[in-house]
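In structure tokens, one chain follows: the form predicted alone.
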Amino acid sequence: MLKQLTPMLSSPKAVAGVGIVLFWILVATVGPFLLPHDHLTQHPTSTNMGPSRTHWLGTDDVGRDLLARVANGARRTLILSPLSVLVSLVIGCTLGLVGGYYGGVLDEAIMRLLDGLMAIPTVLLYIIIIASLGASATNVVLAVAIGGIPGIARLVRGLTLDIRTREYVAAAKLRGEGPLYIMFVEILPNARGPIIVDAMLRVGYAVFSIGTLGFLGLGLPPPAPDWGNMVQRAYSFIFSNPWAVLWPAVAISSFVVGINLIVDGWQQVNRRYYG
């Protein structure tokens, strides 16, 4: 695995992307423990301040330290986003493998169900799910995961339709291997490249989705900060304190840019070294 990742060092895009993502992972993991201020502590005499020696990124409308809140928001965002993509991958890969391998009526039923799900605008789907179940971290993950299942399932189905005709799959059938073995041992590992690239991009989409839900008031319930609800709260006083909007917005955009740079670099390296 390390040998395969080494060529990534030759891609400036990939190196830059990894640096950005590692920065936010570092902020999320150790930032809340090292920062001098708590993300919930209010300082009534220091409301809507710009960056200063005491509060490096400034404060919000009730005097909470923006740096501490961005760091704690990073922790929640960087946990919930990959988790929602992981749930989507497990369900979407299973549906795509089953539909692509068996075909026929089962495949048609799965695809029509997913088509119906895709017909609902993504943000509207999120709103329906969270409005029905309530705003919580679990329901945010569930909503984003459900929204991602159809795209993953269709991708895996297309790959399965191609791979199931390969000689090594026919050889596995001749050995007497069962459908589960063929799908998850023969087909899925040989489809991993496009799936990994798609999953990495979906982590970026998930960050945007969670931020959108937070902005709409459907994300994590207060007082827990996430980058989206920080933007939403600061929107009403954007002209008096633009810093409160700027920092979480920069956090969202920079993390997504980092993910995209990694994917672009990976694809360049694959074309250069592996054709």
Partner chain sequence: MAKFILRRGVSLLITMLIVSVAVFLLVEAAPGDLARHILGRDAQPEQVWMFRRQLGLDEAIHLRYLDWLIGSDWRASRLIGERLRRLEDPRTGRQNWWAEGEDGALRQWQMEDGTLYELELQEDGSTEKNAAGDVWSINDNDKSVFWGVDTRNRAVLWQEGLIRESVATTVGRARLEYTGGIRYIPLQRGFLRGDPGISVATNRPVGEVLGRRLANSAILASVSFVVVMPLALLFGIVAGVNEGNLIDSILSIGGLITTASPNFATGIFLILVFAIWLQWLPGATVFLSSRAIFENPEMLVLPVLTLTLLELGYVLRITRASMLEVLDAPYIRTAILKGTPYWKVIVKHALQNALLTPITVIMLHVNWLVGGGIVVEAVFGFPGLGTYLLNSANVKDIAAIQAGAMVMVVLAVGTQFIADIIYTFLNPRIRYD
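Numbering follows the first chain given and starts at 1. Small disclaimer: the values here were computed from a predicted structure and weren't measured.
There is another form of this protein, the form predicted in complex with its partner chain, and it is not shown here; the text below is about that form.
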Its partner chain: the contacting residue among L180, I196, A119, L106 in the predicted bound form [heavy atom, 4.5 Å]
A119
Although the partner isn't part of this model, could you tell me whether V90 comes within 4.5 Å of its partner chain in the predicted bound form, counting any heavy atom of the residue?
no
Tell me, yes or no, whether L34 is in contact with its partner chain in the predicted bound form, where a contact means a heavy atom of each within 4.5 Å.
no
Is L124 close to its partner chain in the predicted bound form, meaning a heavy atom pair under 4.5 Å apart or at it?
yes
Quick one: is I238 in contact with its partner chain in the predicted bound form, heavy atoms, 4.5 Å cut-off?
yes
Which of the residues spanning 188-215 lie within 4.5 Å of its partner chain in the predicted bound form, based on heavy atoms?
Y205, F208, G211, T212, F215
